[in-house]
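To begin, one chain is listed below as structure tokens, in the form predicted on its own.
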Amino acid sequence: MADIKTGANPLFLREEELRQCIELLFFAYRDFTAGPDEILKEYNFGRAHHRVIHFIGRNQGMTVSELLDILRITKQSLSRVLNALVEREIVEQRPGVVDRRQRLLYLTEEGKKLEQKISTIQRNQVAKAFVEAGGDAVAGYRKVLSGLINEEDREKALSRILER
């Protein structure tokens, strides 16, 4: 593996070093999504379906409004994806307990199996990368990714992630 330049003070990165980091992020995302993309292709699903499956799986019983808030997509876009997942019996919608107008989202048993299959691939990739990078890399990785989240949303996103 090619060695990534780490000699520069990270607080004073040159433009080229920043561009390299951006490019690394693009390559990492490409390979991080490749395995799930292959699995999703079997279902005629794409990355939008993957995101919905992921967040419902991590937040069983979430409302459609909560999912829209996380994904920041239009109701129309979510509706197309969600309808396909419901039709394929990957996701089920139940009325709210307090407010029957609410639609609470759950993965079905089939949905849980699909989510597990996809997330196992990605967990293994991240674990392997951390082993290769060393224990100190975990905290830095989390700090950098947290720093990429919009400041207004950071606390909300982090609390959602860390509350489990």
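This is a predicted model, so every value here is computed, not measured. For every residue, the number given is its place in the sequence shown, counted from 1.
Here the subject shifts to the form predicted together with the DNA, a form of this protein not shown in this document.
Note on contacts: among Thr33, Ser119, Asn59, Gln102, the single residue with a heavy atom within 4.5 Å of the DNA in the predicted bound form is Gln102. Looking at Ala139, you'd find every heavy atom of it more than 4.5 angstroms from the DNA in the predicted bound form.
Using a 4.5 angstroms limit between non-hydrogen atoms, Ile70 is distant from the DNA in the predicted bound form.
With a 4.5 Å cutoff on heavy atoms, His54 does not count as touching the DNA in the predicted bound form; it lies far away. The closest non-hydrogen atom of Thr108 lies beyond 4.5 Å of the DNA in the predicted bound form. Of the residues in 66-99, those that come within 4.5 Å of the DNA in the predicted bound form through at least one heavy atom are, in sequence order, Arg72, Ile73, Thr74, Lys75, Gln76, Ser77, Ser79, Arg80, Asn83, Gln93, Val98, Asp99.
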